[in-house]
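Next comes just one chain, in structure tokens: the form predicted alone.
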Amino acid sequence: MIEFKINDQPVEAQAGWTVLDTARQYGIHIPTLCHHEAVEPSGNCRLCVVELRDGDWSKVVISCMYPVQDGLQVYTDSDRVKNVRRWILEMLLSECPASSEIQRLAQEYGVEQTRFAIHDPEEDCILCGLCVRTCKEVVGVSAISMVGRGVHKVIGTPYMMPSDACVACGSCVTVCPTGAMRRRLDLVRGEPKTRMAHSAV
């Protein structure tokens, strides 16, 4: 077992665990958006940051991908961590201001508004890719993917047409942290008649 501390509490972890895995084993809360146990971590949302300390030295890392090591000193709710999370939430508020989950988290951390430009007030997708990874790694069909680049990146299908590969299982909706996939699912799978006609082509 690997021994270290989280918030000055001694903890033990198995080799291969991450800091987030260990924190969850001990009931220590670290907020996440893009993480789900069913798929490999990606670290896209960065909200799960924690602070590592060693004397006067410290750094902020994402806990969902940081491997445990003997003697680590981890802090999940330090002033530095809170400040980084506030910056992240400000950026998320500008990218997906319509998400009630992002609004809730922002309020929890005292973020009332964002200093960054809001391009689409109706946007609720944070582009975390959790739906894409679930479709590929769990369902095994890769019906959806990230389409476009930069500010034009969206969740979609090839040529933005209903996908023959989609089995309409709803897994992408289930794992979506903001609820954005609910209104996107029909764009992926199409209406029943559209799916049948598209499959027949």
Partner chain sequence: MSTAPVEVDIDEIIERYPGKQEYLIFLLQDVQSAFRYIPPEALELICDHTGVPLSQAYSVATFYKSFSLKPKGEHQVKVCLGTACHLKGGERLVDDLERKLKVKAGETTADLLVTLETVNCLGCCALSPVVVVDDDYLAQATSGKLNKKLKSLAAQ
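We call the rigid core whatever largest set of C-alpha positions still superposes within 1.5 Å between the two forms. All of these numbers come straight from a predicted model, not from anything done at the bench. Residue numbers count along the first chain shown, from 1.
Here the subject shifts to the form predicted together with the partner chain, a form of this protein not shown in this document.
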### Query
Does residue 136 reach the partner chain in the predicted complex, with heavy atoms at most 4.5 Å apart?
yes
#### Entry: Close approach of residue 159 to the partner chain in the predicted complex, 4.5 Å, heavy atom
yes
### Task
Could you list the residues in 129-147 that come within 4.5 Å of the partner chain in the predicted complex, counting only heavy atoms and keeping sequence order?
136, 142, 143, 144, 145, 146, 147
### Query
Once everything's superposed on the core, is residue 150 shifted 2 Å or more at the Cα between the shown form and the other one?
yes
